[in-house]
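Next up is one chain by itself, shown in structure tokens, the form predicted alone.
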């Protein structure tokens, strides 16, 4: 995937991620509640991006807890550190670490960081070409009886704009092609439950989290922004064209004036698993 994210780390993408977090925050908070995230816990945030969710987690665990947020982009780490300092969240550490290059960071005496009660990730596993080092590392850092909470896609084909989105359907296919070409799997949560179970984890819950957006909604704005931000990236990759982008934007414009039009996001699957306790 190179030194940068496939979607980039530029200002426009940062603002898209801010909108994305605002949209998904209620679903995240409900999921954290189901997984028993709470005061005083040690929580690992994997692939933390600019730290928006990490800040919420830090407030959730309180001053007696700890959140270690790992993120590969120096730009995003700096953003998250600035936000954490401004909010006075000393219990939050944002650390630059590339899980593609080294599965787990080291602590004192060069031992893997360990003793975490909970681990959280969203849209991380779908970009990992090899899941085994990551899964093996989870067993080293999460305490026996601790929980892993994963929000990853399980049905990317549900992405679409209806009923006017023929070009948007091609855009969705191009997105998936780009993820797979970079070594990822856009539907990784079809495999993760079985892989975890085979390693002795107890699967506690599997829950689909569909998102639908009508004109004027935050979900609509999020998916429209995704086309605007990622379209040029797909063009640069040779998987999309300027003519395709213009056609997609025309479909979006037409759909805004049809009260029966709506977006469907790729279907997210919530996976909650408990590490086997000997």
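Nothing here was measured: the structure is a model prediction, and the numbers come from that model. Positions refer to the first chain, counted from 1.
The form predicted in complex with a small molecule is left out here; the points below concern that form.
Though the small molecule is absent from this view, in the predicted bound form it lies within 4.5 Å of a heavy atom of just one residue from 169, 128, 135, 83, which is 128. Checked against the small molecule in the predicted bound form, the candidates 23, 269, 264, 17 yield a single residue with a heavy atom inside 4.5 Å, and that residue is 17.
Partner contacts here mean any heavy atom within 4.5 Å of the small molecule in the predicted bound form, and among 86-94, 200-208, 119-127, 187-195 they occur only in 119-127.
Remark: residue 47 counts among the residues lining the small molecule in the predicted bound form, judged by a heavy atom distance of 4.5 Å or less. Proximity of residue 99 to the small molecule in the predicted bound form: non-hydrogen atoms within 4.5 Å are present. Proximity of residue 104 to the small molecule in the predicted bound form: non-hydrogen atoms within 4.5 Å are absent; the residue sits far from the partner.
Heavy atoms of residue 158 never reach within 4.5 Å of the small molecule in the predicted bound form, leaving it off the interface.
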